[in-house]
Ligand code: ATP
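The chain that follows stands alone, in the form predicted alone, written as structure tokens.
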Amino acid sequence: MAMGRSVNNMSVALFGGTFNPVHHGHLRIAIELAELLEVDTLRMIPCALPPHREALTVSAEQRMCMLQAAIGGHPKLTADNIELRRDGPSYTIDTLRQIRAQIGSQVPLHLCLGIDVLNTLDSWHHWQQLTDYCHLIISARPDYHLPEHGVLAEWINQHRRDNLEQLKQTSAGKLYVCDTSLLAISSTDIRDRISRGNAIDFLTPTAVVNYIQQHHLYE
């Protein structure tokens, strides 16, 4: 038991997103994933230039500042600017390659994604190579559905495992679907509320509310 815990302490967990802005839904999932995977810290990674979305009105640096403010001194979470240090679109495969080069081939690397993202994964850059570098940890909704037909469905079935312990024995290559608390909060709704002049208190940490107000974001 002690040996397994020691090995798992070396694991690295990543949780990416635009975080535009970060909110309590993101943070609750991040904490639960860190506990589930038994990692010392989970790295939250703001996407600098999302290749699948229209241009953002808030800079990557501002989203990073809001994320840092939201996390504060929480021992389980950290903000990582790895994608902000690269030029061009923020392709996840490039981030995984960079982190894998840093940590070596033997350390388990977990990439945490939402179920909605998984269902569109085949639109990602070099998506079939993701499991060459990491395990995929999927946060599911209570009534979630996975693709049933096509290349993506076959790929998911090939890599999916029902036992999290199986992922701890290897550094990459598998996919695991788990249940997490999905709060009914969205960044889109927060931005809409701000544009209408409505309060966003208790949807995101107070430090983020203050940052948005000080910098007149999303107005």
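Because the structure is predicted, anything quoted here is derived from the model rather than measured. For every residue, the number given is its place in the sequence shown, counted from 1.
We do not show the form predicted in complex with adenosine-5'-triphosphate, though everything after this point is about it.
adenosine-5'-triphosphate is not shown here, and in the model of the complex it never comes within 4.5 Å of any heavy atom of S11. Contact check for L36: no non-hydrogen atom falls within 4.5 Å of adenosine-5'-triphosphate in the model of the complex.
Using a 4.5 angstroms threshold between heavy atoms, I29 counts as touching adenosine-5'-triphosphate in the model of the complex.
Contact annotation: A140 falls within 4.5 Å of adenosine-5'-triphosphate in the model of the complex, judged by heavy atom distances. Contact annotation: of the candidates L113, I93, I71, I82, the single residue with a non-hydrogen atom within 4.5 angstroms of adenosine-5'-triphosphate in the model of the complex is L113. Checking K168, H159, R43, R191 against adenosine-5'-triphosphate in the model of the complex, a heavy atom within 4.5 Å turns up for just one residue: R191. Relative to adenosine-5'-triphosphate in the model of the complex, residues F15, T18 and I185 are all within 4.5 Å by at least one heavy atom.
Annotated contact segment (heavy atom within 4.5 Å of adenosine-5'-triphosphate in the model of the complex): 116 to 124, selected among 116 to 124, 98 to 106, 82 to 90, 145 to 153. Compared with the form shown here, the Cα atoms of D143 and L164 move at least 3 Å farther apart in the model of the complex. Compared with the form shown here, the Cα atoms of D162 and P142 move at least 3 Å farther apart in the model of the complex.
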